[in-house]
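Encoded as structure tokens, the following chain is the form predicted on its own, with no partner shown.
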């Protein structure tokens, strides 16, 4: 079964890196349905494509990741969210998980760390 992924990060470099890593042979059933540079764009794309998985940055313009997680968790409760953020303190991670995220990956991350985190969410 193919799972749909939405990549959300204000950095095009990070969005492209995550998209490239999704071509990894360990992730054969992953289809990227959208790339968003801010939370508003992410909510619109999520409502349009109903992704199974979302990678979510926390620090973004227009709508931050916390607000975006809250909205997605309410509107698409079956969507699993992996926070990918440079904010690494436990309080930030717990807050994101309380709002509806299922995982947290700290930037900078290795290729293997991202692949493993996505595989964990796909299970």
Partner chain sequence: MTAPAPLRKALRPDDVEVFAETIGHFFERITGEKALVRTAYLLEAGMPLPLDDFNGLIQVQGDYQGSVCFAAPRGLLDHVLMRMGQHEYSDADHLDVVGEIANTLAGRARRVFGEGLEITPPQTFTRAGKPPPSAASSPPLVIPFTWQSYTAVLIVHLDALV
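Everything numeric in this text was worked out from a predicted model, so none of it was measured. Positions refer to the first chain, counted from 1.
One more form of this protein exists, namely the form predicted together with its partner chain; it is left out here, but the text below deals with it.
- Shown here without its partner, the chain carries 44, 71 and 81, none of which come within 4.5 Å of its partner chain in the model of the complex through any heavy atom.
- Considering its partner chain in the model of the complex, the lone stretch of 72 to 80, 44 to 52, 28 to 36, 86 to 94 in range is 86 to 94 [heavy atom distance within 4.5 Å].
- When contacts are judged by a 4.5 Å heavy atom cut-off, residue 19 does not count as touching its partner chain in the model of the complex.
- Although the partner is absent here, residue 115 sits far enough away that none of its heavy atoms falls within 4.5 Å of its partner chain in the model of the complex.
- Contact annotation: residue 23 falls outside 4.5 Å of its partner chain in the model of the complex, judged by heavy atom distances.
- Among residues of the shown chain, residue 11 is one whose heavy atoms approach its partner chain to within 4.5 Å in the model of the complex.
- Contacts of stretch 93 to 123 with its partner chain in the model of the complex, defined by any heavy atom lying within 4.5 Å, are made by 95, 107, 108, 109, 110, 113, listed in sequence order.
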